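Presented below, as structure tokens, is a lone chain in the form predicted on its own.
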Amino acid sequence: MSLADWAHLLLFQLSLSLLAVGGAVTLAPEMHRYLVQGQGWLGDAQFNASIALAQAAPGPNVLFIALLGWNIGLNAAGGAPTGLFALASATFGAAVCVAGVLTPSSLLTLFAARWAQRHQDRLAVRAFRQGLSSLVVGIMLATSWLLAQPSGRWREDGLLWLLTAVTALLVWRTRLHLLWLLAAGALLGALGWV
């Protein structure tokens, strides 16, 4: 990757940051479009693995962005066999992506939260908060749609869609911990069933 590519990656993350309504994972569809389909800096498998690993790990969901940056840097260096250069490039990629996504949204959140707290009784503030709920649900559905179609072939992905529907139903109707569902999905994948 050239210096201009790194600058484009940082600008992309900066611009996307302010759209992270409902959490960083809601940015996944647009990131996939740009990083995988547009630039080709990541493969589908790397993209999905970054999200799955970040979801399984304790900590904030924004970790997947660091993993995406890590993989971009690793790919830019030619892969792990290049040793320290790959490590430095991967670390730089993770830092670029995390700084790009966190800086604008953190500053906006700081100032907006203070303003909304002072004006919490206004009708416009309450309506805005309620309106964001439906927006977040829609973006989460778009993210689910993206993650559940690795090949885009409906017949081959039928079991994957069935698993997605069953998982969504279990999350909605039970108190089953998400880690159990992630473990079950990993087991089904390891067995080659999905």
Partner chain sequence: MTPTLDDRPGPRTASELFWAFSAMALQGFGGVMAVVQRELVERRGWLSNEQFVEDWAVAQVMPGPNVCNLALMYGDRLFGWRGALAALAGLLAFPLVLLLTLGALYGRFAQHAAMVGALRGMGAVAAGLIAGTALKLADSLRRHPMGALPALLLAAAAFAGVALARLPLHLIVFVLGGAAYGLTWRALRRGERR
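Numbering follows the first chain given and starts at 1. On a predicted model such as this, the values are computed, not experimentally measured, just so you know.
The discussion below concerns the form predicted together with its partner chain, not included here.
Practice task
Decide whether residue 35 counts as a contact residue for its partner chain in the predicted complex under a heavy atom distance cut-off of 4.5 Å.
Solution key: Close contact is absent here: in the predicted complex, residue 35 is far from its partner chain, nothing within 4.5 Å, heavy atoms only.
Handout entry: Residue contact check: residue 105 to its partner chain in the predicted complex, 4.5 Å heavy atom
Key = Although its partner chain is absent here, residue 105 would touch it in the predicted complex, with heavy atoms inside 4.5 Å.
Exercise for the section: Give a yes/no on whether residue 10 approaches its partner chain to within 4.5 Å in the predicted complex, heavy atoms considered. Expected result: Residue 10: no contact with its partner chain in the predicted complex.
Exercise for the section: Give a yes or no for residue 116: in the predicted complex, does one of its heavy atoms lie within 4.5 Å of a heavy atom belonging to its partner chain? Expected result: Residue 116: yes, in contact with its partner chain in the predicted complex.
Problem - its partner chain in the predicted complex - contacting residues of 120-140, heavy atom within 4.5 Å - result: The stretch touches the partner through 120, 121, 123, 124, 126, 127, 128, 129, 130, 131, 132, 133, 134, 135, 136, 137, 138, 139, 140.
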